[in-house]
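Just one chain is shown here, as structure tokens, and it is the form predicted on its own.
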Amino acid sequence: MDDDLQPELLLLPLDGWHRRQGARMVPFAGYEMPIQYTGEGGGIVAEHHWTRTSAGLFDVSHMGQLVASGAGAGAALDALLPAHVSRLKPGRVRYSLLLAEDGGILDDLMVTNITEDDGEARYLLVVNGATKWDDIAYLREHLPDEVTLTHLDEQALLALQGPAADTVLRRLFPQLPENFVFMQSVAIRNEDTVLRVSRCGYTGEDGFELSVPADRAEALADLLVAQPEVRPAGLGARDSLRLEAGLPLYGHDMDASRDPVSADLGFALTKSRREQGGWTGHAACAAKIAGGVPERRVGLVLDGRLPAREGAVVYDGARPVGQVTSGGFSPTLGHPVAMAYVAADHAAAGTPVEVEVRGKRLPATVAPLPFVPHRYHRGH
């Protein structure tokens, strides 16, 4: 494509801040994004380990933040998503999926009930950056007229991830609820600013996502990295962390050609709603649950140190039985890991296979996900 026809990359609200911190910026999801930082404590592996042992600060402002509001908003989202949105209590968060009629995954998202004392139903949807414009168009087409969809395009989104994240946030924001656990959300008000804090993330570690007005994002980032437990971390560490946590990335480990059953995301199909139906894609998903699927998303542990990347073919002898969708070297475990779709008869943990990497067949074993146990704070 002619360079003149390439869409111009968008800048994050913290673009200048990242550059001053020594970030190396790369194109991602239509934005210039920090992949890693230079200087002491920088680099993908260092940022990965720091997040596992202390707290990494990630900028995820490329994600789409949308609010569906108005009478019947919960019921309207129930008709689109397999989560029981209308039963979600205020301050609760759920992972869900936007599906096509054939069960294909259009996007994965987080939905939070942010209804306040005025009683007007409001639901915050955080969607993937690369798909947010398609999601907005889809939702505006399928939501009824009485439901308003608002794009919070003047909000930034930061993620503070790691075992020290709770200590840091409570030091800075002592008004956080004492019993604040995984998949809960709260609004903190300070003068004319509202900071929404949600206990969730994409690293497998305990952590928080912080939605803040874009013009206050730099002050918040400065405040966070001034804490001795916090260092900035980029896309590189975010990817290696989510791979170890077995968390799929949209556009790689799932897309419109994949369904929730094959993608091992059946937990997102709320049990009562699987039985009742009434959401887009239900019939197709129910048929796959009942009749089985030809392939499944699994983990792979590879021998040696050479990682398998997306597109690498998985073999059983001479027979191709699958393909890698994400892969890399695991800094935590010290060996390569990958996620792949393999034939259902090869999806059992412990099944030996081979992966072709640079013209060589590398021994691998099907492994359960996650590779590194999740450490979400679910309460005592």
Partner chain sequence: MARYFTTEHEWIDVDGDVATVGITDYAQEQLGDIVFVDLPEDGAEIAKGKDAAVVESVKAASDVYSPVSGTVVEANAALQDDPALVNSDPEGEGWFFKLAIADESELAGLMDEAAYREFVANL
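If you're wondering where the values come from, they're calculated on a predicted model, not measured in any experiment. Residue numbers count along the first chain shown, from 1.
Keep in mind that the form predicted in complex with its partner chain is missing from the display, and what follows is about it.
- Per the 4.5 Å heavy atom criterion, its partner chain in the predicted complex is contacted by stretch 31 to 39, the sole one of 316 to 324, 31 to 39, 346 to 354, 59 to 67.
- Only one of the listed residues (P307, G103, G299, P248) places a non-hydrogen atom within 4.5 angstroms of its partner chain in the predicted complex, and that residue is P307.
- For R24, a non-hydrogen atom is located within 4.5 Å of its partner chain in the predicted complex, even though that partner is not displayed.
- In the predicted complex, its partner chain stays beyond 4.5 Å of every heavy atom belonging to V342.
- In the predicted complex, its partner chain sits beyond 4.5 Å of every heavy atom of A312.
- Among heavy atoms of R358, some come within 4.5 Å of its partner chain in the predicted complex.
- Although its partner chain is not shown here, in the predicted complex the stretch 214 to 238 places no heavy atom of any residue within 4.5 Å of it.
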